[in-house]
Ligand code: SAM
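Quick heads-up: it's one chain on its own, the form predicted on its own, in C-alpha cells.
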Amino acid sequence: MSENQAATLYIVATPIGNLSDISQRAIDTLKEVDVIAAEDTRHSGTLLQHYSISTPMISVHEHNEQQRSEVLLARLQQGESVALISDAGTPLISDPGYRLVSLVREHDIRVVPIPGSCALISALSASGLPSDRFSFEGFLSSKQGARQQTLEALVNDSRTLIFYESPRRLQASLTDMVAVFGKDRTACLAREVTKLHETITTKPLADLLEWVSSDSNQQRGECVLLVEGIKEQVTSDEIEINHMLTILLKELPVKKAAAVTASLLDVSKNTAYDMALKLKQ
C-alpha cells in the first residue's frame, strides 16, 4: 500500500548534483502525488524525465510563493496531495517554501518531510571541522559593509559557522573573513559537492584565500564556506572550580556539590551548577 495520503504536503529533498542521490521513497512520492510544486519547472524537468516521473508541475519561487501558496492550499483542501521540491537539495534551506509550509500547517493539513541531500550537511560531514554544534547563516550580503557587520557579530561564536556563497563573491567574502576572524582561523571550502569537480579543502583562512585567488577554477560552481568557531579559553579559575567539582561529585549530588563549590571559591551558584552539569554529562 502506498504511504501517500490525500491532503498531504510532502517536502521532498532532491539531488544537489549527482542524480543518484535520491531515495526510492522520494521517487515514489513524486510519482504518486497529484502535483509537484517546483522552484524552476524547467530545471526540475531534467530530474523528473530521468526517473520517468510524469506528474504535472507548478512553479513556486520567491517571486510568486505568496500567491501560489494560496492556490496549493486550495488544492490540498480539496483532497489533493502536493510535493514541494527546490532546484537542488532540501526545500526551505535558503530556498522558497517557508510561506507555503506555514500556511498549510495553519490550516491543520499534514506536512511530511522526505529527507535526502543537503549541501550544508554534506559539506560539514566531510570538512573536518567540529560538527557537534554549528550555525547555518545562509548567504552573506553582496554589500561589503553589511557582510562585514554580519561576520563581526559572529566573531566570538564558538560554533562552526556555515555559509552559502556565490562563486562571484567567494574571494571578497574570504578577504572579509580573514580581516574579521583572523588569518589563522581554520575554514573549509566545499565546492561542487557531489558533482564531477567536487573539491573539499580545509586550511587556515589566509591560506584558503591565497589558494582560491591563485586558481580561478576554485571560483566556479556552488560553494559552501565553513569557519571553525572561536576556541573557548579555560581560565585558571575555571580549572580550579572544575577540579573541586570533580572531587565533590564523587560523593555529592550535583546541586550540593555546586553549592559547596560556590561557597568555598566565591563563585555564583548558577555558574557552579552549570559547570557541575557539564561534568556529569
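Sequential numbering from 1, following the sequence displayed. Model, not experiment: these values are computed from the prediction.
The following text describes the form predicted together with ligand SAM, which does not appear among the structures shown.
Only one segment in the set 118-126, 73-81, 143-151, 100-108 has any non-hydrogen atom within 4.5 angstroms of ligand SAM in the model of the complex, and it is 118-126.
Among Glu137, Asp157, Asp95, Glu210, the residue placing a heavy atom within 4.5 Å of ligand SAM in the model of the complex is Asp95. The single contact residue among Cys188, Ile114, Ala88, Ile162, judged by any heavy atom lying within 4.5 Å of ligand SAM in the model of the complex, is Ala88.
Ligand SAM in the model of the complex is approached by Cys223, whose closest heavy atom lies within 4.5 angstroms of it. At a distance threshold of 4.5 angstroms between non-hydrogen atoms, Lys195 is in contact with ligand SAM in the model of the complex. Contact check for Ile16: a heavy atom falls within 4.5 Å of ligand SAM in the model of the complex.
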